[in-house]
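So this first bit is one chain, no partners, the form predicted on its own, shown in structure tokens.
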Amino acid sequence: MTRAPDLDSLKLLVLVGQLGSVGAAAERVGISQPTASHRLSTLERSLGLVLLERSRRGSRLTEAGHMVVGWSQRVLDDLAELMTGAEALRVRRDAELHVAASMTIAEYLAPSWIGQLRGQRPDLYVGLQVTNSERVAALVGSGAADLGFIESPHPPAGLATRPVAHDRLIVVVANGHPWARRRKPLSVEELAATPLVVREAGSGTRETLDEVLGRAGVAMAKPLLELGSATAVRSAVIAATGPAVVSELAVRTDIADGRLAAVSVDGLDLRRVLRAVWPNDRKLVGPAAELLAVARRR
């Protein structure tokens, strides 16, 4: 046998067994009898077996033909089970979406994206797990999340990435802090030497700050306070706990309303790219692909 028989020919042979003639089988599948006969002859050649005994009175299955019909029916039944199962998986996939997002994205961007997606798919369940960028990458890599959003400066190994937005970290202080009245920008060295309210290790904000300071040839002083979200950092700064480097997204309203003051730093570029991530061996389909498209439209 040089190649496997095609499924249409197996179905035709099974119908011959069920209906008793090539003509009736051909009519059932909507082809001419000569075409059906040709397909069955091709099937016989591919298997190296005589499946039909042909005579002027018609054709009937040989002993080998009966056996091949039985095997073919099992193949067709297994295929039907496969297709039914695949459809069930597609329905489940299209009914649920599990997303993991780093803190800043989850608080200030993801709700709008998810709202737009659910406007298109009102019956879709979206589960959003909020954690830091390091943990988001782990959840996506393990398959616990269909799609992730991170703030880390470098894409994690083993994950495909796509930029979805841009952000900028800024230095902020309470209005009563001496830096709020400062006219001259801070130097990188002054910032690095000052104990700050910071995000925890593993967060994209912390990674970005550490990397930028490292490129400038300085190391950050021991933190004044480590907190688990941009909202917590913002609240600590408003309470005059100390300065912080935080996403502009988190404090834009506070700066506009005068609760916080932004402090410029000379020679420090704190812009960053926010990214979607998913396993690089998997093509995004269904709601995950649709959510990525919504995020990239902004």
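Counting begins at 1, following the sequence as shown. Computed from a predicted model, the values in this text were never measured in an experiment.
If you look for the form predicted in complex with the DNA, you will not find it shown, but the lines that follow are about it.
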message: I need the one stretch from 269-277, 232-240, 56-64, 256-264 whose residues put non-hydrogen atoms within 4.5 angstroms of the DNA in the predicted complex.
response: 56-64
query: Within a 4.5 Å heavy atom cut-off, is residue 286 in contact with the DNA in the predicted complex?
result: no
message: residue 46 versus the DNA, in the predicted complex: is there a non-hydrogen atom within 4.5 Å?
response: no
In the predicted complex, residue 50 touching the DNA (heavy atom, 4.5 Å): no
message: Against the DNA in the predicted complex, would residue 22 count as a contact residue? Criterion: heavy atoms within 4.5 Å.
response: yes
task: Would you give me the residues of 28-50 that have any heavy atom within 4.5 Å of the DNA in the predicted complex, in order from first to last?
output: 30, 31, 32, 33, 34, 35, 37, 39
